[in-house]
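Here you get one chain, nothing else, as structure tokens; it is the form predicted alone.
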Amino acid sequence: MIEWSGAIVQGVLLGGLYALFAAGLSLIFGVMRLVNIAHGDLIILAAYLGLSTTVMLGVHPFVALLIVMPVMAGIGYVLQRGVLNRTLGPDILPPLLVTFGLSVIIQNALLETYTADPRKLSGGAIDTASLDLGGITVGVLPLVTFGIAVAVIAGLQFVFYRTALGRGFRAVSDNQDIAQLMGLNKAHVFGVAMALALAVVAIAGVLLGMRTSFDPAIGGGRLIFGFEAVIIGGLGNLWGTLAGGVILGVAQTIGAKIDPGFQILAGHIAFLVVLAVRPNGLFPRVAH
């Protein structure tokens, strides 16, 4: 019984990382209805930026975040203003094609720069530290990751519903033309949304790099986990994204407990079951 409880706890904590993968996706879909195929590769880009920062400056990955987050936010703003804003419109195909192309470019650039060798970020003592919770051993890093995920999603929720910037996000999400007439620069608002999303991606990438090894080719898998968490929770619902991540993580760890080769498949099956029962996700965003 304790072993199964341990698997569930590990799954919940893994869900925190998946929620961080998904939070940026959920935010930009909620604001501009943009599906970003390059999202997973941007997570891996952030992990490599974290690696370069820790190696060059000799700092801890958490300190490296102070550099990686603004850099990724800047990339997000420039990318949105310079490229993605030109693709937005009633047709969803142009953004999909452009972000797919961006995904290929990022993968190949990382491969050329860092080679295909797996890398890992060293977090020092936190990598191996653990706590004993009544017979269940829990790693400190997964606990910290889950805490960060909750804090990030709470912060995004606050920004979205309690600030002037959030009102701008909601206004352009509801009706771009009327928002523009009311004096909002939708191109700038979209740029800020993407900057915020990629700041979250920076956190996700560095935490991923501390938790496991990574290479330029694994972005697609992280994108799928992020998509599944978003869709399970409900498109545009940030707390739903956390719930979706947790459901996905628990399904995977229970699957791994049954058979180690069943881990990833179990997550996909849970995703399909939720989709079959609730096509809009468990907590679809209600109109505001």
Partner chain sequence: MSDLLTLTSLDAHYGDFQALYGLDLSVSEGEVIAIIGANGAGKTTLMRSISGLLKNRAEAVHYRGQPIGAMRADQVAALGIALVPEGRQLFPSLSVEENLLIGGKTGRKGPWSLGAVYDLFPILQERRTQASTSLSGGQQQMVAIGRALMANPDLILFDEISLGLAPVIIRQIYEALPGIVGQGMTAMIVEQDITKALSVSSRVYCLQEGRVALEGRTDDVTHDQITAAYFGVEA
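Note that the structure is predicted; figures quoted are calculated from it, not measured. Residue numbers count along the first chain shown, from 1.
As for the form predicted together with its partner chain, it is not shown, yet the points below apply to it.
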{"property": "Any non-hydrogen atom of V140 within 4.5 angstroms of its partner chain in the model of the complex", "result": "no"}
{"property": "Touches its partner chain in the model of the complex: G168 (any heavy atom, 4.5 Å)", "result": "yes"}
{"property": "Contact flag, A151 vs its partner chain in the model of the complex, heavy atom cut 4.5 Å", "result": "no"}
{"property": "Heavy atom of N108 within 4.5 Å of its partner chain in the model of the complex", "result": "no"}
{"property": "Per-stretch contact check against its partner chain in the model of the complex, the hit in 212 to 220, 120 to 128, 182 to 190, 69 to 77 (non-hydrogen atom, 4.5 angstroms)", "result": "182 to 190"}
{"property": "Its partner chain: the contacting residue among D174, D132, D91, E112 in the model of the complex [heavy atom, 4.5 Å]", "result": "D174"}
{"property": "Contact residue in the model of the complex, chosen from L97, V104, I178, A116 - any heavy atom within 4.5 Å of its partner chain", "result": "I178"}
